[in-house]
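Okay, here we've got a single chain as structure tokens, the form predicted alone, with questions on binding and movement later.
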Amino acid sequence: MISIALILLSSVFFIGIVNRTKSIASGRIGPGLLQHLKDIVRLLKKGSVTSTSSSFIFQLAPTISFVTVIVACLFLPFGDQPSILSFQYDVVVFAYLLALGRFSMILMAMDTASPFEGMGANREALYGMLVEPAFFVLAGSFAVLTGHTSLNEIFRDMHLGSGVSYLMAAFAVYVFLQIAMVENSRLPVDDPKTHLELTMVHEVIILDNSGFDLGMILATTSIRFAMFGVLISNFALPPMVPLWGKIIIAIVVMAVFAVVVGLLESFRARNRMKRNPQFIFTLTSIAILVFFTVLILTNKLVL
């Protein structure tokens, strides 16, 4: 329950911190911390305009994407505090709930009968497919390390106690950070500020959305980012710290996560389209290094 509260609370400020960091880094005044929330509330109050060539799929997809992210959040624990939903191999359900939300958005783009949105849907499906191995290799690594296949039990029993384990956790955090960037269509894979259809990915598949539907999509992005923030913060929660201390640490970690995202988007350019698959494959390579490190730590691989 604590993880859900932290996700919802941080989702209010996360995109605002990212945008504020980017504006400060570029020497601009920029929007306020709550401007993103105000935009979402304004859009949710409006009606939606739908294309005559679209069907009920177009209208349902934003809601399905929102619901899948909310349900995925229910599987996230907070340190040794149990998650609301937990069972063996729930890490697979967690991953494919996010995949279901992406699939619904791809169907929505295809439903508009727009060639540009179909092109963006193709890229969205490709990047989603390429990023999944990195997540599952990391999940498998921590399952081997702790002997559990549930997110709740993995983070409850995952204790870092050596320099190698801390290095392994650092690599895992880096991969999760980049997965969050890919899942939320951010730099260097995609740029939310791009307005050229030939190079857009996520933004091109929501071109026909407006009003309430667009507000749901923006809210989903905020919650998904905050969800990855809580996932990353679990690596920084010491087991002997009281609950209030863990909450403070998690808030600091998520704030740093948002600032890092803003700095990364301020000082690096977007990849060329043909380089994106290579970049995403690199995340899987790093995840494999984590896997071999776990095998060495657990004496399952002898050098």
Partner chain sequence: MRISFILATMISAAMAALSIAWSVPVLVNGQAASFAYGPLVFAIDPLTAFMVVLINIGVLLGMVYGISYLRPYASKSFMEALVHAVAMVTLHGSMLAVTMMRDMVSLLIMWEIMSMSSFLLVLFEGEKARTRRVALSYFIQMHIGAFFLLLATMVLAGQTGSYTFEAMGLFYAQKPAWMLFLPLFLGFGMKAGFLPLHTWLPHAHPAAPSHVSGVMSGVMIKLGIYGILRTILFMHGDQSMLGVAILSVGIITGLYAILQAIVRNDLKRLLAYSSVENIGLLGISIGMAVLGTSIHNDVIATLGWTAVLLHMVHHMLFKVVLFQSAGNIYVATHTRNLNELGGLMRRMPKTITVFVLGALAICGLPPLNGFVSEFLMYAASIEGMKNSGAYFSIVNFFVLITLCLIGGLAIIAFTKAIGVGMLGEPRTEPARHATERSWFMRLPQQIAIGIMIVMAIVPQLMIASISAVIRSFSPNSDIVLASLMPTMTSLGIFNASLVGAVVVVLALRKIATRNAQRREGPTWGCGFTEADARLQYTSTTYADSTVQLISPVVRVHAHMHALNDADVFPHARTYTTDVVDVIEESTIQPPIAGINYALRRLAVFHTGSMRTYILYAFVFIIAIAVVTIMGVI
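Numbering follows the first chain given and starts at 1. Computed from a predicted structure; not experimentally measured.
Heads up, the form predicted together with its partner chain isn't pictured, but that's what we're talking about next.
Peer 1: Though its partner chain is not shown, can you say which of 173, 84, 167, 99 has a heavy atom within 4.5 Å of it in the model of the complex?
Peer 2: It is 99 that has a heavy atom within 4.5 Å of the partner.
Peer 1: Just to be sure I understand the contacts: of 152, 112, 221, 185, which is the one whose heavy atoms reach within 4.5 angstroms of its partner chain in the model of the complex?
Peer 2: By the 4.5 Å criterion, the partner-contacting residue is 112.
Peer 1: Please tell me whether any heavy atom belonging to residue 158 falls inside 4.5 Å of a heavy atom of its partner chain, as the geometry stands in the model of the complex.
Peer 2: Residue 158: no contact with its partner chain in the model of the complex.
Peer 1: Taking heavy atoms and a 4.5 Å cut-off, does residue 250 contact its partner chain in the model of the complex?
Peer 2: Residue 250: no contact with its partner chain in the model of the complex.
Peer 1: Looking at the partner-bound form in the model of the complex, is residue 48 within 4.5 Å of its partner chain by any heavy atom?
Peer 2: Looking in the model of the complex, residue contacts with its partner chain include residue 48, since a heavy atom lies within 4.5 Å.
Peer 1: Indicate whether its partner chain has at least one heavy atom within 4.5 Å of a heavy atom of residue 288 in the model of the complex.
Peer 2: Output for residue 288 is yes: heavy atoms within 4.5 Å of its partner chain.
Peer 1: When its partner chain is placed as it is in the model of the complex, which of 123-131, 76-84, 223-231, 175-183 ends up with heavy atoms within 4.5 Å of it?
Peer 2: The contacting stretch is 123-131.
Peer 1: With the partner left out here, which residues of 66-83 have a non-hydrogen atom within 4.5 Å of its partner chain in the model of the complex?
Peer 2: Result: 66, 67, 71, 75.
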